[in-house]
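First, one chain by itself: the form predicted on its own, in structure tokens.
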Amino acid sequence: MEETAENGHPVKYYRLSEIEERNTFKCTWIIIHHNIYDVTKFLEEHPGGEEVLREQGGGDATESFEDVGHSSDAREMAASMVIGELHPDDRPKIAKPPDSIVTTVKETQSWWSNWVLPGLVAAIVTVLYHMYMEKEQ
């Protein structure tokens, strides 16, 4: 599906399934801010190593890209690798839920971890202690 961008150039939209299919040994596409990048030819030149890009292949690399803090030069270089955009219908599929300030911790204490395991450890230590003391006498 193609539409015209603000700059007058046609925009090629790719479905998420197409991008996932392109994640092969011979081809690596990634998504950053809904733009699709073909990084295949850049794999060997990537300063962080090709594995970093291959791990993100076929999926959304936005968070990883931003976490590293790429320079403006790196961003300009990346712009030359854009081949299209993620189809608007697929964008919600990669959307992350908003971070919550409140952290909820599900407390799952069980009698197994609270009583049986410590009891078992204590019994083993007691037996080993008695065996050690018998050898000493």
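Quick note: we count residues from 1 along the sequence shown, nothing fancier. Nothing here was measured: the structure is a model prediction, and the numbers come from that model.
What follows is about the form predicted in complex with protoporphyrin IX containing FE, which we do not show.
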- Item | Contact test, all of 39, 64 and 78, partner protoporphyrin IX containing FE in the predicted complex, heavy atom 4.5 Å | yes
- Message: Considering non-hydrogen atoms and a 4.5 Å limit, does protoporphyrin IX containing FE approach residue 28 in the predicted complex?
- Response: no
- Looking in the predicted complex, any heavy atom of residue 88 within 4.5 Å of protoporphyrin IX containing FE? no
- Does residue 46 make contact with protoporphyrin IX containing FE in the predicted complex, using a 4.5 Å heavy atom cut-off? yes
- Using 4.5 Å between non-hydrogen atoms, is residue 34 touching protoporphyrin IX containing FE in the predicted complex? no
